[in-house]
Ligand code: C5P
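Coming up is one lone chain in structure tokens, specifically the form predicted alone.
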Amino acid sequence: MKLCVALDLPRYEENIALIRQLRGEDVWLKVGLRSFIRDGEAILKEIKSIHPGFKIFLDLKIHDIPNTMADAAESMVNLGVEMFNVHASSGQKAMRMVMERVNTFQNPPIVLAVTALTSFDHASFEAIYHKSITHKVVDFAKDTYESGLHGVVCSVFESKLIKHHTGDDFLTLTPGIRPFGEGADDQERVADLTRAKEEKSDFIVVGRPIYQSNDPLGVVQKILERLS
């Protein structure tokens, strides 16, 4: 299981300060929508200049018509990131076109598809998708698997179920991790490290418990000890 640290701080300088504290640690760094819109390619280059060993997950959750998604995927590959994601609800045609484009590159990045955002509770999810989270997430995961992507973004609670319906090598990245039982904040479906291990998550995303701590490096090292 790999730790992915969310760079969700409100200012570029705060994200950079956090990255510098984590230099040399075996972590992935997640650059999300706010950070990328605000800071653009500059933050990606700065991450690599601080420590070339950092791996970047560009978390933009692309969802558009198939050709536009494929073009966006090509642009993200050219940014040099090691992982990015799209929305599974874009459909198999779009996801296949993304992978066709990505696979024209040598050493292509990991491509994941978002199933159900962890901010959804069961009632709000069913109001939009007219199906339970559990059943629809499995549908999305099967579509993603059949489209040739490497895995999905899902809550911890669906990780093992998804692997059962796809394969043990099909990756699951699970946001909403509160490693030592911290508060849920704006997430509905959160879990701790023990549950993430039980559910066979491949990547866990941790944000606030790290960057809101007085000792972010200490929290990261404590998490990594638990994962080893």
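All of these numbers come straight from a predicted model, not from anything done at the bench. A residue's number is simply how far along the shown sequence it sits, counting from 1.
This protein has a second form, the form predicted together with the named molecule, left out of what is shown; the following refers to that one.
Screening 99, 117, 79, 72 for any heavy atom within 4.5 Å of the named molecule in the model of the complex leaves a single hit, 117. Of the residues 195, 55, 61, 165, just one reaches the named molecule in the model of the complex with a heavy atom at 4.5 Å or closer; this is 61. Figure note: of the listed segments 39 to 47, 199 to 207, 64 to 72, 157 to 165, the one touching the named molecule in the model of the complex, with heavy atoms no more than 4.5 Å away, is 199 to 207.
Shown here without its partner, the chain carries 2, 26 and 150, none of which come within 4.5 Å of the named molecule in the model of the complex through any heavy atom. Using a 4.5 angstroms threshold between heavy atoms, residue 51 stays clear of the named molecule in the model of the complex.
In the model of the complex, the named molecule lies within 4.5 Å of some heavy atom of residue 6.
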